[in-house]
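A single chain, nothing else alongside it, follows as structure tokens in the form predicted alone.
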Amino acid sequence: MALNLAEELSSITTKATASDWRAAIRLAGDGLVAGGVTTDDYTDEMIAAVEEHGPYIVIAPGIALAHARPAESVLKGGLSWVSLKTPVEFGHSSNDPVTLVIGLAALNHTAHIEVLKAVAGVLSNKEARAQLEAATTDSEVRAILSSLATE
């Protein structure tokens, strides 16, 4: 059975405002912290990863998967979801600007890959992606993701 992303989400924020990519990642990190998934240090580690390696986290047009290596700052595996009211530039040559930032905290590499596969499956579904982009509430996002998990 496929991973149900709705069950993995510790927080959902829709139509948020971020001044730049760092602020967008911080919003995703704040959701992970609020959900008891990570400490504040993990948010700093996600930002540092992009500063060091560039915008590799922008995995598809309009989508960033913010993450860092498994570390002591990860308390348990989980996700945060942040849709942005106004897109932000991460500096990616072909996938900017970003309108969705998914924060990912994993305890190990295997869990990271499982979540990545589930995210790719959901976001490659054009109809589902359009519904998710239009969602304005936590419950709408969860309902859409839950319905996809049962398909």
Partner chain sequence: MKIFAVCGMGIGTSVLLKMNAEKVLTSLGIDADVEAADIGVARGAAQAADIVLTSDELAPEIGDVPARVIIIDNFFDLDEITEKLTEAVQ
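Numbering follows the first chain given and starts at 1. Small disclaimer: the values here were computed from a predicted structure and weren't measured.
A second form of this protein, the form predicted together with its partner chain, is not displayed here; the remarks below concern that form.
Trainee: Spell out, yes or no, whether the shortest heavy atom distance between residue 117 and its partner chain in the predicted complex is within 4.5 Å.
Mentor: Flag for residue 117 set to yes.
Trainee: Check whether residue 61 has any heavy atom within 4.5 Å of a heavy atom of its partner chain in the predicted complex, and answer yes or no.
Mentor: Result yes; residue 61 sits at the interface with its partner chain in the predicted complex.
Trainee: Please tell me whether any heavy atom belonging to residue 106 falls inside 4.5 Å of a heavy atom of its partner chain, as the geometry stands in the predicted complex.
Mentor: Heavy-atom contact with its partner chain at 4.5 Å: present for residue 106.
Trainee: Using the partner position in the predicted complex, report whether residue 68 sits within 4.5 Å of its partner chain, counting heavy atoms only.
Mentor: Residue-level check for residue 68: yes, a contact with its partner chain.
Trainee: Check for me: heavy atom within 4.5 Å of its partner chain in the predicted complex, for each of 49, 55 and 93, yes or no.
Mentor: The answer is yes; 49, 55 and 93 each reach its partner chain.
Trainee: Sort through 123, 27, 33, 84 and report the residue having a heavy atom within 4.5 Å of its partner chain in the predicted complex.
Mentor: Contact check passes for 123.
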